[in-house]
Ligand code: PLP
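What follows is one chain in structure tokens, specifically the form predicted on its own.
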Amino acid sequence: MDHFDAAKSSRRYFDWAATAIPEEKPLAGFFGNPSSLYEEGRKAREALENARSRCAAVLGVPGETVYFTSCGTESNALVLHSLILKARKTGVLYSAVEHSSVRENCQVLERLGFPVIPGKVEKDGRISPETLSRALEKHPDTRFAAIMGVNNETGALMDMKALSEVIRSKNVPVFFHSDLVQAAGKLRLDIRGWDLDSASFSAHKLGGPRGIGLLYLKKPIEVLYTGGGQERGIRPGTENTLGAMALAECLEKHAAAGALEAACKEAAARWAYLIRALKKNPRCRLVPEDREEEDKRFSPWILQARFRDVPGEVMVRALDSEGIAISTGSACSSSSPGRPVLSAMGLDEHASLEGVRISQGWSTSYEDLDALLEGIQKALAFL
């Protein structure tokens, strides 16, 4: 099967935050079921455990804390839905800009009678340590906090170390979960330093295949559903050996320290170039408007912008006709007309619906950026 080749395509791809251009390679010889006792099964089990050790090494955590899942969404849901089995209904706090897989699962818990608190964020889309501290003081029954590392729509970077210190300073234990799907391969991770209890990851954001994710658990949890005992009972179901091997390869390629630093430096330079050009466009407003060309508050891989009097969906379609792919936000929420993340940042409905997300990847070039800028000018002239 042929895979997408960015170098040969006439299209320009700026939706890496939805899914990265794949770097898939054939991995033959490991088709056996890892739970089977015969030779093919043993080979698959050995490959699976090797992939687990490789992922753990990149993340800097023990191998026994790494569990393979189908995606980041499932990893988030596994942790959140484990609360249903608690003897008492746990108070849950999540940042108001969480991915839908966290936000909507928290809403499910709320419908089941759990005390759920959406944590307010600043105008730049980040939850500050001070705001988090006040929220925990106001809601002393909180025993679970979910705060993502990098926002999937704006690129806002959360100060995970400072937030963790706030959570651990409380007199009661609070389980700290983080969606790190947009963080892996995009910023330096410090899972142990951040003292996380759990974290989620997804391969296809790293150029790997769809259908494979990872869940880090400092300690095992009691899960809501069972059936097979695979992944030490945390995620039952036949293991995706080839997916796990591909995920390990992607983490080693993009999340290892040396490669990560160089890629981030190049991405920051490209984003500074793009932001500088967009700021000259009188109809463009960055989100937030005070985002700088090189801004430490944000990931250099994701940019949110809006164009005056042009709905985001219209801009997406206009650029698509010019051979350019951008999005209005999270692909997982594409069927929802609202923009909860932008609303949480204080944008009104009209401004929120103008928002578009532009995200780059490792193969993005300055030629791609120039094509994007030219496409925006054409679209605005027409619209």
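In this text, residue numbers run from 1 along the sequence as written. Computed from a prediction, not measured in an experiment: that's the story for all the values here.
Form predicted together with the named molecule: not shown, discussed below.
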For the chain seen here without its partner, which of 196-204, 306-314, 282-290, 128-136 has a heavy atom within 4.5 Å of the named molecule in the predicted complex?
196-204
The named molecule contact in the predicted complex: T154, any heavy atom under 4.5 Å
no
Heavy atom of L247 within 4.5 Å of the named molecule in the predicted complex:
no
The named molecule contact at H99 in the predicted complex, heavy atom, 4.5 Å
yes
Would you please decide whether V181 lies within 4.5 angstroms of the named molecule in the predicted complex, comparing each non-hydrogen atom pair?
yes
Picking from T73, T241, S164, S299, the single residue whose non-hydrogen atoms come within 4.5 angstroms of the named molecule in the predicted complex is T73
Listed by sequence position, which residues of 246-270 have a non-hydrogen atom within 4.5 angstroms of the named molecule in the predicted complex?
none
